[in-house]
Structures are given as structure tokens and as C-alpha cells.
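As a starting point, one isolated chain is supplied in C-alpha cells, in the form predicted on its own.
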Amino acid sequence: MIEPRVLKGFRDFLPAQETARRLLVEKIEASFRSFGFVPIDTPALEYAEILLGKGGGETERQIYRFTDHGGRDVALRFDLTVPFARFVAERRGELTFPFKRYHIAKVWRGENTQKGRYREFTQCDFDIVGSDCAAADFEILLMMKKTLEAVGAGEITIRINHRGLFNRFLEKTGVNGKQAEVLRQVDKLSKIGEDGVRAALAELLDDEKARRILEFSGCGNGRSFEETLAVLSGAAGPGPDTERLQSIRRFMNDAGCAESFVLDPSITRGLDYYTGVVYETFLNKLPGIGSVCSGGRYDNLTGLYSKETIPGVGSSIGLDRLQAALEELGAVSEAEGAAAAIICRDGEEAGRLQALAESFRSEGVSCDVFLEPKKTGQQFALAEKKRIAWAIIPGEDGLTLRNIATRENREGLSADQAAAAIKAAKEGRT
């Protein structure tokens, strides 16, 4: 006998869990589409060189990589951004720019598991490529805010930074050739704390440089967006990155959403492909769960696969972490079954029962047909267990419509009358 078991960091989803996930995805997709974004899909498996080209850091050590039966060096995607860059480079002639896409799919990373974090998980990505302007950066930030509002996440804080600004500060500080590794260490501030990052930086740089970097990273504490930007600009000097942040802030004010955004220089993102603005999103009621939506600008990513670079900016919602947070907040929609179930009294009547069910479905009432002629009480219990609100009992004098929750019956109805009663109850009219 083979023991039935699931790999660590992987999960099965029971119907109630999967239904809740699907409902959440539907809300997310509706928000994406409302901004004019369109869906794409890419393979789960890519040539390893495609995925390893620009991930950098810990990502390369976490990737699921192997040789397939054809002797090819392949790997499972660790995010949806790198495959998207390959997609754009390969299909550039078939796309219209600026191209606004979204992609909701599973990715795989062999990392340590924790609450809301798994080795197989789902990301919800949305990107704009073919435009390098502050308006594109702002639209992604606004979509992050509006999408999380749409799923009931409550008040959020989106922490934003600009890697170009941080890199100019590092150059001015005398950090040359180690900028990417320094940014990776700063990115760990929320995970290992200031002392841990200080120790890591001390292995790369001298104590004075480490001190100045930590001071720069923390200068946003207690300051407004505008005040922090002034301090950062003073430390790094004026530049196009400062102007980009000023433009984005003006757009936030004009759109009336400035209160949700904080300028935080400690936000650097760990992946090497980010070149401009970067951001992470935290739920105000559950800050400890970590970022549920993050991303940034990656203007050089497609250059790995094409002679011509294509600018891009995007973000990704971690569906599993977001769902775990919404469950803790009590904001997840409860999974419901079909609106009605047709009670089976004769196993030979399957064809007629399905025809009856189809008449309900044609009226917009989802309908489950019970397959075996068990006792009526058992079928009522089954309907209740499946979260079905109504039972339909065929009879010689018409249909009996039973409210599963209240045990009340309405007899002698036609299919049209029963369907109308179910829809009226759902709309709160009876």
C-alpha cells in the first residue's frame, strides 16, 4: 500500500476552500479588467537559462530545476514576471504597446514554509510594458489599492521607494560593485531586524558605511512622504528618480488617495531586475503577516532576451497570503453550494430530473440533481451539508419548494414559479 501524502509546502484544497479561493480570484480579476488589463498565460516549465538570467540572490537557490527526459535543463517558474519578459521579447510583434496584462497562476519555490507561505503558491500579477512614465507607475499603485479594497482587505499602507535613488546614495557613500547585495540585505530589515542587517552589512562594508546605510534606510520613520523625499534627496543629491517620486506623489494627491502611501527607503525588493520604483503593501490590521502585494519597475528585464529593452512596471498579489489574512480578518466569502437541489425519488427518472434542472438553470438558478433515491430526510440533510438553500421535490400536483434552513414548504408550484421564488428570496424581496 502506498501511503497517501502531500509534499511539504504543497496542499490539497477541499471544495469549501477552493470555492473561497475562486470567489477571491473572481473579485481580483474583475478589478484588473476594470482598469483595461487583459489576461495571458505562459508555461509552468521553462528552459532554466530563461529563469536564471535575472532572478539573482536566494531565488536561484530556491528554484526547482532538473533535466527532463530529453536531456534539457529546465525549471519550474519561481514567479510570473521573468516568464512574462520572455513572452514579451518573443511575441513583441503581436502585441500593442503600452501592453497591460494580468496573469493569475501557480509558481514554485523551494523555500522554508511558514504561515501563509508555501512552496507551491498562486500569484496574481499585473503589469504595464512599453511605457516608462510616472503615470504607468501610478496606475499600478492605484490598482493595488483598489483591488485590495475590492476584496475587503480594509485599510492598507503601501510603502514605496526608488532603487535608483538608493543606488545613487550608495555610490555617493563609496559603495561600488556591491550595490545589489547591499539592497538584498536592506530588504531583510523587517525579517531579521536592524541588528541582523547591520551584522550582514559589516561583512560587506566597514562599520561607518553600514551605519550610514541603516540611517538612510530608516529616515522615513515618523516623517511625511514629502519630508522623507527631501531628506533622501539631500543625502543622494537631485536626480530623475527624485523627480519621478515627486510626480507620483502629485498624482496621488490629485486622485485623492495619498493617505494610503508612505515613502519608505527600507523597501528595496530582493530581486535584481528591479530598476526604479519598488513597493510593498501591508494590511493595517495585520502588519505581521507581511506584504500581500509587491512589485516595481524593471526597465532592463526584457534586454536579456531581446536586443531592444522594453520598459515595464508591475505588481503581484500573493493569493495564498492574502487569503490567509482575509480569513483572519473574517473577510472571506463563505462558500455556497448550488441554489437548489432536486430530490430523487426514483433512480429511473434521471433524464426527467435533469430536464427539470435545466429549466431552473435557464432561469439563472444553479441546480444540483441528487442521483440516488434515498430517504427524503437524508437528501435534505445532504443539501444542508452541501450548503444548498432550497430543495425541489417533484410530485403529481406540481413541485414542492422547501426552504432547507426554515423547513418551510410551498406546494403545487410550476418550475417557473419555483425559480421566481428562489430568485426573489436571494434578492431579499420575500
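Start at 1 and count along the sequence shown; that's the residue number. Source: prediction; values computed, not measured.
Separately, the form predicted in complex with a further copy of the same chain exists; it is not shown, and the next lines address it.
S.K.: Would a further copy of the same chain in the predicted bound form be within 4.5 angstroms of a non-hydrogen atom of every residue among 260, 328 and 404?
M.R.: No, the candidate spot makes no contact with a further copy of the same chain.
S.K.: In the predicted bound form, does residue 408 have a heavy atom within 4.5 Å of a further copy of the same chain?
M.R.: Contact check for residue 408: no, nothing within 4.5 Å of a further copy of the same chain in the predicted bound form.
S.K.: Would you check, heavy atoms only and a 4.5 Å threshold, whether residue 424 touches a further copy of the same chain in the predicted bound form?
M.R.: Contact with a further copy of the same chain, no.
S.K.: Consider residue 286 of the chain shown here, and say whether it contacts a further copy of the same chain in the predicted bound form, taking contact as heavy atoms within 4.5 Å.
M.R.: Heavy-atom contact with a further copy of the same chain at 4.5 Å: absent for residue 286.
S.K.: Is it the case that residue 191, even though its partner is missing from this view, gets within 4.5 Å of a further copy of the same chain in the predicted bound form, heavy atoms only?
M.R.: No - in the predicted bound form, heavy atoms of residue 191 and a further copy of the same chain never come within 4.5 Å of each other.
S.K.: Where does a further copy of the same chain sit in the predicted bound form: which of 173 to 181, 356 to 364, 157 to 165, 227 to 235, heavy atoms within 4.5 Å?
M.R.: Only one stretch passes the 4.5 Å heavy-atom test: 356 to 364.
S.K.: What is the one choice in 110, 239, 152, 196 with a heavy atom within 4.5 Å of a further copy of the same chain in the predicted bound form?
M.R.: Going through each option in turn, the one that passes is 110.
S.K.: For 362 to 390: residues with a non-hydrogen atom within 4.5 angstroms of a further copy of the same chain in the predicted bound form?
M.R.: If the 4.5 Å heavy-atom criterion is applied to a further copy of the same chain in the predicted bound form, 362 to 390 yields 366, 367, 368, 369, 371, 372, 382, 385, 386.
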